[in-house]
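Here's a solo chain for you in structure tokens, the form predicted on its own.
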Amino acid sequence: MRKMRRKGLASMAVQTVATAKNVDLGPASALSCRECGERFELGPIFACELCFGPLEIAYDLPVGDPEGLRKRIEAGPANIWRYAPLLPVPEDVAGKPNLNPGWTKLVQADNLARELGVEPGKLFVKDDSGNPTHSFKDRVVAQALEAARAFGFTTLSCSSTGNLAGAVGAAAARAGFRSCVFIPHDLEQGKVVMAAVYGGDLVGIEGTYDDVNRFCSELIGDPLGEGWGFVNVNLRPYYAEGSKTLAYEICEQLGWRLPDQLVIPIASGSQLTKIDKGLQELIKLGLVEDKPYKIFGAQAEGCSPVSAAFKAGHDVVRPQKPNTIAKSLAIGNPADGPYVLDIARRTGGAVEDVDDAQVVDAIKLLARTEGIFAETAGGVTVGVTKKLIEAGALDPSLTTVVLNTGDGLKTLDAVAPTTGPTATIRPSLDAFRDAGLA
């Protein structure tokens, strides 16, 4: 594995030297290793050449004038580009052809709160199903697209559990890129259709998501991958920053306040770690008052390597073979798993899981109480929230934000067997009355 990584990094380093000197990615100043702190020029690399640790963006942020920055953000467009001064994108990003995701609803969920025993006005659902392809993945792909432009890539690609494939296909179509995306062969049909409809190449791989991801890593180090930007591999440092915009929006929508508690689904773990990074940046910039907050991670029992490690008190996440209806979270070897453990423990949160039956029940509960039809990942977060409250781990008197990251229309198979017409009757008043519906 190390030989393959070193080969891939070496082949990409040449391209980096050629492009990094004239790349414009706004306040992004370098790539920094999360493990050893070594810094590299901005380029399409994702792992440290010294220790193989993951790379992330380092910034020159606009410190010193929080009120001015707040006003600048509030005057920006109603999408993620209002936060361009805090993201690895050029200043004129809003004028380029992209899907302009973000600024989705933060729903005050009083009906759900009543069902769960949470105080009125304290429970919110950040509903990211309102993005262009109906999942939060539009945020991260929008960031990766700008990096792909900067580095001269012509093809957008990814390994995906479904939502990302659709987001890449749509973004590529809008921006005039070719797309070729790779998915496990047994995904939900709705996600397969949505990924294919944008006209790019969609390739099913026989195996799990982890098999797909390994294949893409091999392709990056091969001449066949020349000119390809894999949004969640060689563009991953830029891609991952899109998740910070969830933190920015939540705090702005709460009146520039930090929430007390957040419940976030875990697939690779990147979303959770970058939301925490976003919250820390807002504190550093003086845009929100510094105070404690707790972050809780949510997994499906059939793929819960991070939850298992948290409960066992381990620092190492042992891979699992996924077996759950929550396929968008079915990553058995999550890259950011250890960092999720660090954040949950540092903030006083936890990582919990629910079984498939609880996922379905939670999807229906959210739909029945708030009119939000979540995909299975949303069922995981709502189900875990319920479980945490019942266990006394989540305080029902504090401001809590639960993430729904996608639209239930993508995972109809999860609820279809137990959801249908209340009755089927003849077209007559007598039949309606006899059915007990009057």
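If you superpose the two forms and keep the largest set of C-alpha atoms that fall within 1.5 Å, you have the rigid core. Please read all numbers here as calculations on a predicted model, not as lab measurements. Heads up: residue numbers just count along the shown sequence, starting at 1.
Although it is not shown, the form predicted in complex with another copy of the chain is what the next lines describe.
The single contact residue among 86, 116, 275, 202, judged by any heavy atom lying within 4.5 Å of another copy of the chain in the predicted complex, is 202. Exactly one listed residue, out of 151, 182, 339, 296, brings a non-hydrogen atom to within 4.5 Å of another copy of the chain in the predicted complex: 182. Proximity to another copy of the chain in the predicted complex, taken as heavy atoms within 4.5 Å, picks out 208 to 216 from the listed stretches 344 to 352, 328 to 336, 139 to 147, 208 to 216.
The putative spot formed by 190, 370 and 438 is fully lined by another copy of the chain in the predicted complex; each residue has a non-hydrogen atom within 4.5 angstroms of it. Residue contact check for residue 398: none of its heavy atoms lie within 4.5 Å of another copy of the chain in the predicted complex. In the predicted complex, at least one heavy atom of residue 197 sits within 4.5 Å of a heavy atom of another copy of the chain.
Interface membership of residue 228, defined by any non-hydrogen atom within 4.5 Å of another copy of the chain in the predicted complex, is confirmed. At the 4.5 Å threshold, heavy atoms of residue 415 reach another copy of the chain in the predicted complex.
Of the residues in 405 to 438, those that come within 4.5 Å of another copy of the chain in the predicted complex through at least one heavy atom are, in sequence order, 407, 409, 410, 412, 415, 416, 419, 420, 421, 422, 423, 424, 425, 426, 427, 428, 429, 432, 433, 437, 438. With the core superposed, residue 238 shows a C-alpha displacement below 2 Å between the shown form and the other one. Once the cores line up, the CA of residue 258 ends up less than 2 angstroms apart between the shown form and the other one. With the core held fixed, residue 214 shows a CA shift of 2 Å or greater between the shown form and the other one.
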